[in-house]
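Next comes just one chain, in structure tokens: the form predicted alone.
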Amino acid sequence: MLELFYTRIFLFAVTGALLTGYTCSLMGTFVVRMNLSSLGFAMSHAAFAGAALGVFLKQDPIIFALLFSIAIALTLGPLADKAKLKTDVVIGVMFSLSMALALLFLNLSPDTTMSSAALRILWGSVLGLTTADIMYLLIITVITILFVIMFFKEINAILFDRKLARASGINDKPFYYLILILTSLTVAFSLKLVGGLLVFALMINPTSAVYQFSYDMKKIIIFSPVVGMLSCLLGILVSFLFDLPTGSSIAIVCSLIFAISVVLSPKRRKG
């Protein structure tokens, strides 16, 4: 077992876990604060549908996951605005459509329902991370960090209240749409590590755990990625020790961290 810790596979797994945990949880601060928890769910299944199409066409699943999730992101905001519907309603429609397409593509793919490619899409595969995957994760992480640093004032105002931000002269739509696109990119590039059915847990749970202890947006943005990275590292360790699926292990760990945070939360005690 100790020999594994010095292998290239384990190094890639740890690096991928740190980048995925950081970026997913950072984007989760926006998703949770804007009451769009179902967004991570919808994005993950959109990426899952795209990856399933990639398997059906015998092409790179990640490319199609990326295309599908970006398409959903570009459709979601404008459709909700033009149709005068709550975003959660549109997300619900997108989720059901994405899940139906995912199952359809997997069903049409001969002998892929239980194939290694399909299972990697569903649950993730830490052993499948490549140099290219690490580079993609690094790029999206850097872009997300720069986005937060450069536009923190505008982002903070929009997260507090979109209507109030608009009244103060901030054009909220570009920032809102960009948040959706960055979320979709993060989900697509996290598929290999966490899997299409579980990536939303990594996006929601760490941020929700940090929210139990603070109302300060700066602290939440700083500590949510820390909890996300810790969840990924512990999840990978559990998966290696007990020979369990990586995505499932990470989702269970971050869910346990959230449960503990609820029990220990000073907000709960005050209530």
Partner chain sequence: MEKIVEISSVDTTYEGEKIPCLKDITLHIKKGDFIAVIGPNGAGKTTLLETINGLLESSCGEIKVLGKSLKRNGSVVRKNIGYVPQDYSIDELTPFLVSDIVLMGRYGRIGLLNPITKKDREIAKKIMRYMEIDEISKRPIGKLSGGQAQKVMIARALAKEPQIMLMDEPFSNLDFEARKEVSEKLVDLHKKQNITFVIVIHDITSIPSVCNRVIVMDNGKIVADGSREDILKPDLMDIGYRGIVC
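Numbering follows the first chain given and starts at 1. If you're wondering where the values come from, they're calculated on a predicted model, not measured in any experiment.
The form predicted together with the partner chain exists for this protein as well; it is not shown, and the discussion that follows is about that form.
Colleague: Decide yes or no: are Asp60, Ser96 and Leu106 jointly within 4.5 Å of the partner chain in the model of the complex, with each residue judged by its heavy atoms?
Modeller: Negative, none of the three is within 4.5 Å.
Colleague: So which stretch, 68-76, 155-163, 177-185, 132-140, is the one near the partner chain in the model of the complex (non-hydrogen atoms, 4.5 Å)?
Modeller: Careful reading of the contacts points to 155-163.
Colleague: Would you classify Tyr211 as touching the partner chain in the model of the complex, given a 4.5 Å non-hydrogen atom cut-off?
Modeller: Although the partner chain is absent here, Tyr211 would touch it in the model of the complex, with heavy atoms inside 4.5 Å.
Colleague: Considering only heavy atoms, tell me if Tyr215 and the partner chain come within 4.5 Å of each other in the model of the complex.
Modeller: Close contact exists here: in the model of the complex, Tyr215 approaches the partner chain to within 4.5 Å, heavy atoms only.
Colleague: Is Leu127 close to the partner chain in the model of the complex, meaning a heavy atom pair under 4.5 Å apart or at it?
Modeller: No, Leu127 stays farther than 4.5 Å from the partner chain in the model of the complex.
Colleague: Is Ile220 one of the residues lying within 4.5 Å of the partner chain in the model of the complex, judged by heavy atom distances?
Modeller: Yes, Ile220 sits close enough to the partner chain in the model of the complex that at least one of its heavy atoms falls within 4.5 Å.
Colleague: Which one, Val148, Ile170, Leu101, Val90, lies within 4.5 Å of the partner chain in the model of the complex by heavy atoms?
Modeller: Only one listed residue qualifies here, and that residue is Ile170.
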